[in-house]
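Following this are structure 1 and structure 2, which are two forms of one protein chain, each written alone as structure tokens.
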Structure 1
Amino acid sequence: MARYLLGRLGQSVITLFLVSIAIFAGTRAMPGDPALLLAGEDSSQETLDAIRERLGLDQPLPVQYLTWLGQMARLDFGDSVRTGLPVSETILSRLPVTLELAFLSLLVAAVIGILGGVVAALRQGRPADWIANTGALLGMSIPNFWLGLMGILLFAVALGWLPASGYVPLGESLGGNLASMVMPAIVLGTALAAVVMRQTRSSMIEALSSDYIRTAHAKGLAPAWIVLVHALRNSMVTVLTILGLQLGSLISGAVVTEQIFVLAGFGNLMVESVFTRDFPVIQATVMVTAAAYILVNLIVDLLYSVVDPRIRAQGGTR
């Protein structure tokens, strides 16, 4: 197991290194000049040269990359070109909003998706199965922005139950925080719940037709125990993979939802930095996203061995 973990950590470092090359090349290939954006269209050449020298943009690209890589190794993301503030402080101020949104969306997706998938598998071919499949199809088909706008019109404008936009920090008011995050979490988690439901249903149907389930019935075990402890547990490997992969995408892919509900989160920061050619912020946000993907996948791999002891045994022999 230790060798397996070391191997995965080595793969993670190599992946981050390759991602850093792609990020640096991508940002430098973007059209537009950050110095010109900062100084304005009517600025003199001397002013532009001074800004480029201050930002290190007058250095050869390999020198710029190695300088940035050295800073990243020390967890120094530099200063924002647009605001002058340290990038790490900017990210830390935005990240909690997105992490909370991603966690609540994942919770919504897991509860609705797993519950719907189990019911659909147990009632295969019956009305409950049809309703669950129809709901999953709608969840995957409806765009987030449309669902968000309809939610605002119904629950904020017509009924007045929830705020239409804005974010209330958890430390200020628990009720206000939950009220401001309910709609964004449901909007962002709906599509994922549909995917989780479909995968849970397929895995459960396969598990329920297995020999060990028939053996459990023959031994006289309670049906609820067979479903929850034997069938559902063995079906969770596929579901865990989906949830793990989607958590990374939720962190970086909440851009549309944050824009609709005016949440000053991580996705919003990425969009702002791209529009203003804020290279240090772009590079730092993408690196943080890549690191989050890798970390979540590593955690999911470790959870496999907890859910399925056969995987633990295979890992121990490596």
Structure 2
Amino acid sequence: MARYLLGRLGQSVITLFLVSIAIFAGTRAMPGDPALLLAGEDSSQETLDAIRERLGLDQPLPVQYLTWLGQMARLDFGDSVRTGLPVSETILSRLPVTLELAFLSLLVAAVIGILGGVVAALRQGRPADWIANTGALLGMSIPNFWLGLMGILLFAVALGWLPASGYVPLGESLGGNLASMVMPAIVLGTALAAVVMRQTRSSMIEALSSDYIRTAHAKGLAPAWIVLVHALRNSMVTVLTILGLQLGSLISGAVVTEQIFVLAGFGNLMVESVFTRDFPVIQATVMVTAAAYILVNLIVDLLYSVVDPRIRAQGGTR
């Protein structure tokens, strides 16, 4: 297991290195010029040259790349081109918002999705199944931004129950924090819940029709025990994979959700930095996202061996 883990970590480092090249090349290949954007409306040639010099954009590309790698090795991401504030500080202030949003949305997705999936599988072809499936279809097809705006209109503007925007840190007020996060989490969680529900339903149907379930019934085990312990546990491998893979849609969904609810999160930061060609911020955010991706996939792989002992027995060769 330790060797497996080390191997995987080694792979991750190489992946991150390759990603860093791709990110650097990507930002430099983007049309648009940070100096020109920064110069704003009064952009004389001298001004542009001065900005490029200040930002180090006058250096040859390989030098810029190596400087950046060197900075990252010291966990220094430089200063934002737009605001002049240190990038690492900005990212650290943003991450908790998005992590909380992601966690709460996953919670929403897991609870609604798994519950719905199990019920639908048990009541296959009956009204409960129909309702769950229709709900999933709606969840998948309603765009985030529409749902978010409708939520704001109803709960913030018309009823005044929840704030329309903003983030209250957990340390400041628990109630305020949850009030500010509940709408975003539900908006972001629903689409994901739909995917989880569909997946749980089909895995459960498959599991429920397998031989060991029949055997369990024959043994006279309680039906609830059979469903929860035998069928559900075996269905979880695919569901976990889906949850891991959905991290991508979670991040892209967070971008939109954060913009609607004006949450100063990571997704918002990434999008804004692209529009303002804020190279240090783009590079840092994409790098952190890539690292998160790699980490989550690693965790999901490790979790497989927890849910499925066969993987553990094979020494984690998958």
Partner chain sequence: MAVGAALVAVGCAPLVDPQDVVSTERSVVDAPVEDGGELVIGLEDEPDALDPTLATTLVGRNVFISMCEKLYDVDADLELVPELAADAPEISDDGLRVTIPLREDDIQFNDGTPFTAEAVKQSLDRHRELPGSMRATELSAVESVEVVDDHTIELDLSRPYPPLQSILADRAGMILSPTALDELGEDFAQDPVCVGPFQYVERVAQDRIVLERSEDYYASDEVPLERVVYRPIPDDVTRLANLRSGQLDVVQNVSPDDVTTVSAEDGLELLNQPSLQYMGITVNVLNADGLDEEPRSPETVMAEHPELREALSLTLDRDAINDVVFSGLYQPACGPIPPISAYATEETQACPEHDLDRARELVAESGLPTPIRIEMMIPNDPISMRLGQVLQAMAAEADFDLRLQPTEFATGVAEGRAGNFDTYIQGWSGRPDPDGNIGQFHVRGGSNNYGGNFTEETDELIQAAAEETDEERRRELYSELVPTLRDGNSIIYLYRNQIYHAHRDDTAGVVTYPDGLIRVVNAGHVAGE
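Between two forms, the rigid core is the largest collection of C-alphas that superpose within 1.5 Å. In this text the structure is predicted, and so the values were computed from the model without any measurement. Just so we're on the same page, residue numbers count up from 1 along structure 1's sequence.
Matching each structure to its source, the form predicted together with its partner chain turns out to be structure 2. With the core superposed, Gly26 shows a C-alpha displacement below 2 Å between structure 1 and structure 2. After superposition on the rigid core, the Cα atom of Leu48 is displaced by 2 Å or more between structure 1 and structure 2.
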